[in-house]
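First, one chain by itself in C-alpha cells, the form predicted on its own.
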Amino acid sequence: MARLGDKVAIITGAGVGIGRATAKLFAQEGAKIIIAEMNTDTGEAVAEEIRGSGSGALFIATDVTDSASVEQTIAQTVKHFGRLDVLHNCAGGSIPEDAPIDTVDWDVWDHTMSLDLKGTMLCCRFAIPAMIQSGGGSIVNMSSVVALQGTSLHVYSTAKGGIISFTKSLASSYAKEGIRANAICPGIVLTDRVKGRFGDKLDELESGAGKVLSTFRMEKYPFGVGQPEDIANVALFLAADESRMVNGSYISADGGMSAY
C-alpha cells in the first residue's frame, strides 16, 4: 500500500537536488505533488517526469521569499487538488560569502535569512490554514547539521537553528489541529549545487576517507556523505502516517557528523 496514498504535498525547491528526489519519491508513494519552484525549466521538467510515471503533479512558479507568491501557490494547490496534507520546505541553502559575523557582508545576512528562515515561515503561514481545512497534516522543514555544531557559517547556522526553534513552536501550537511539524538536519549531500561548489574535493567527500572539510569542521565521514535520495527517505517517513507519534523533533540525517 502506498505510504502517502492520495495525499497532496507541496515541495518547495523541488526542481533540483533534495527537493527533486523527494518529489519523485512522494509521487511513487501515492502523493499528488506541487512543484513549488522558481526555475520554470527545472520545475516543469520534474512535474512532467512525475506525470509521465502516472502520478499527479503540478508546477507552480514560486518565490518563497515573497508573501504574495507563496499565498498564490497555496491557493492554486487547494483549487487544483482540493486539499493540502503535506508541506516540505526544501528551498534554501548557503552561499560561499557566508563568514564570521564580524566580517560578513550584511547583504549575505539578508539573503540567507530571507531564503532559509523567512521562506520557511511564509510557507507555513499560508499552508497551515489549508491543512486545518483538510483535517490536519505534516510539515517537514529543512534545517542542517550546522545548526547543531559551531561553524564559521555564522549566518546559515543562525537561519537553520531558527528553523529548529520555529518547528518546535509550530508543533506545540498546532497539534490540536492535527498538524505535526518536524525538521531534518542533513549533513553534506551531493546535490548538483554541492558538486559545483566543492569541485576537486568531491573525491574526498565521496570516499568517506576521513579527510577534513574545514567549512564543516569535522574529521570523519563514517558512512560517506549523503545522496539526495537519502534525505528524501527521511522526509517520506515524516510525511507519512507511520510517524504519527513524531512531533516537534529533528532528525540528524548526517551520517554521524554531529556526533563528532
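Please read all numbers here as calculations on a predicted model, not as lab measurements. Numbers for residues come from their place in the sequence shown, where the first is 1.
Only in words, not in the display: the form predicted in complex with a small molecule, which the text now covers.
* Applying a 4.5 Å heavy atom distance criterion, does Ile251 contact the small molecule in the predicted bound form? -> Heavy-atom contact with the small molecule at 4.5 Å: absent for Ile251.
* Are any of the heavy atoms in Glu44 no more than 4.5 Å from a heavy atom of the small molecule in the predicted bound form? -> Result no; Glu44 lies far from the small molecule in the predicted bound form.
* Going by a heavy atom distance of 4.5 Å, is Ala9 a contact of the small molecule in the predicted bound form? -> No, Ala9 stays farther than 4.5 Å from the small molecule in the predicted bound form.
* To do: Please run the contact check for Ala239 against the small molecule in the predicted bound form: heavy atoms, 4.5 angstroms, yes or no?
  => Ala239 lies outside the contact set for the small molecule.
* Would the small molecule be touched by all three of Gly13, Glu37 and Leu115 in the predicted bound form, meaning a heavy atom each within 4.5 Å? -> Answer is yes for this spot.
* in the predicted bound form, which of the stretches 167-175, 91-99, 127-135, 77-85 has residues with heavy atoms within 4.5 Å of the small molecule? -> Of the stretches listed, the one contacting the partner is 91-99.
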